[in-house]
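The chain below stands alone and is given in structure tokens; this is the form predicted alone.
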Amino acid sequence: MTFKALILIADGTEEMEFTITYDTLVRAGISCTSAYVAADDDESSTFTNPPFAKGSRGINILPDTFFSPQEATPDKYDLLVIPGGAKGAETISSSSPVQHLVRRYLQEGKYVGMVCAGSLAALTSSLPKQPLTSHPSVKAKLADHFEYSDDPVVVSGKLVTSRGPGTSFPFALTLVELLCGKEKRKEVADPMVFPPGTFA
């Protein structure tokens, strides 16, 4: 069985959180699709193919496809990932189709991963109070609504949250373990040659 992941991206998405997650999942044999979420004032939706997403550090990333609520449903994917980056996270978390899908994925027993400011999507999607983490910059917006934690990665049922660029590897490897098992996590992590004592 080949697992499938949908990774959202927008202008202002944090590059490391996107690329490290995408790359790590692919190494585990998970089929990944990146989907561009356009901002309300973005005219790129008139294009046939998605434009480059300009990341939070100015690096251009070419998404696989435009985000389509009809094509992003949980019967087609096992995992939905929302990276951070302040501007990108704002665009993605404020999208009502994304909010609807976050709830649907969780209701149908599929995984949802959120990193950094991407965790704001838990708030905008009106998820129930549960353990969660995020980048410190958005902690104040989340702490009263969730059981906030400073752990690098927090797993709450099918919701997996993480803190920022520096926690992207443990976040991605946790997703690999949840989908594919501990042995696959080790198989993916070992050739990456993490320093002794780190999170792999």
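Predicted model only: the values in this text are computed from it and were never measured. Start at 1 and count along the sequence shown; that's the residue number.
What comes next is about the form predicted in complex with another copy of the chain, which does not appear here.
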- Item | Partner contact for I61 in the model of the complex: another copy of the chain, 4.5 angstroms, heavy atom | yes
- Query: Wondering, does F169 line up within 4.5 Å of another copy of the chain in the model of the complex on heavy atoms?
  - Reply: yes
- If you check in the model of the complex, is P131 within 4.5 Å of another copy of the chain, heavy atoms only? no
- Query: Do V26 and another copy of the chain come within 4.5 Å of each other in the model of the complex, heavy atoms counted?
  - Reply: yes
- Output flag, G88, S96 and L123 jointly within 4.5 Å of another copy of the chain in the model of the complex, heavy atom basis: no
- Query: Can you name the residues of 106 to 143 that have a non-hydrogen atom within 4.5 angstroms of another copy of the chain in the model of the complex?
  - Reply: H135, P136
